[in-house]
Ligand code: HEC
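Next up: just one chain, as structure tokens, the form predicted on its own.
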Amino acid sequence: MHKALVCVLSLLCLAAAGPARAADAATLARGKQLMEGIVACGNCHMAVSPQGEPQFGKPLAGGFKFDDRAFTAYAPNITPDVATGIGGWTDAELGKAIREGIGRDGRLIGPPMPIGFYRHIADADLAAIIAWLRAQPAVRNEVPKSVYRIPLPPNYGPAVGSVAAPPQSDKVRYGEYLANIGHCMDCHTPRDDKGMLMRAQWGAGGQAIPGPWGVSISRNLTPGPGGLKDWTDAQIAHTIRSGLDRKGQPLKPPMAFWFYKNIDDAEMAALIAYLRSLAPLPFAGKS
């Protein structure tokens, strides 16, 4: 074979085997906006100390423990570390895990990963999230395997095809999209005896959420009594971003206030427009 042709083929092989092309600045900026804002993956995937305290310097290294009667789950390491994180995963494998809940080994990813909501992530935003994850420092952190004491479903639905985000000009629909990818209603909707979200009480709060902080009772996000009926848009935005209620009292985790403070004004306005469009329901918990 001609030497020049050999050189060309060798270069092509190296290019094919090498790292993926770096994401453009706009894609990374969108990934940062999502991950440090409404999506807030670091809220669960943060590394913790041996005493169980969050290590804010390692926001994606995993290890956070979720203890429930149905499972003991550990948030995995989602930094680009090859040995203990996602460094060896392809973009397609990551996308399938995020939107369909199917891991690299073909096994279903169990709760508390909110796959039902992540199925709504638009293609462009999914690409931005993955690009941003790949741009983060790799942290070596071996995380225990999750243990489930309930049978997991065979899947979370059919394979996800192409998904487009609603136009931002449609504030209510775009706000619903943001609430979905931020899985707001995963906590702010009561669950039945089987642990399923109760669609008839969407956003009515009352769910008890245990954690290192004690037990949080989620608030009513509907415009009904005991909800946001008498709140101004400014008050809602301030509480989401600061973690302080209208009286200045601090709210408990797992609300990710340190991420939500970065939600920009346009997306916050859309999110609030969606919340105001919900059916006005009374608070679903005990007053």
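Numbering starts at 1 and follows the sequence shown. Just so you know, these numbers come straight off a predicted model, no measurement behind them.
This next part talks about the form predicted together with heme C (HEC), which is not shown.
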### Query
When heme C (HEC) is placed as it is in the model of the complex, which of 134-142, 196-204, 210-218, 163-171 ends up with heavy atoms within 4.5 Å of it?
210-218
### Message
So in the model of the complex, is heme C (HEC) close enough to F259 to count as touching (4.5 Å, heavy atoms)?
### Response
no
### Query
If you check in the model of the complex, is A127 within 4.5 Å of heme C (HEC), heavy atoms only?
no
#### Entry: heme C (HEC) contact at F117 in the model of the complex, heavy atom, 4.5 Å
no
#### Entry: Proximity of D233 to heme C (HEC) in the model of the complex, heavy atoms at 4.5 Å
no
### Query
Relative to heme C (HEC) in the model of the complex, which residues of 257-282 have a heavy atom no more than 4.5 Å away?
Y260, L271, L275
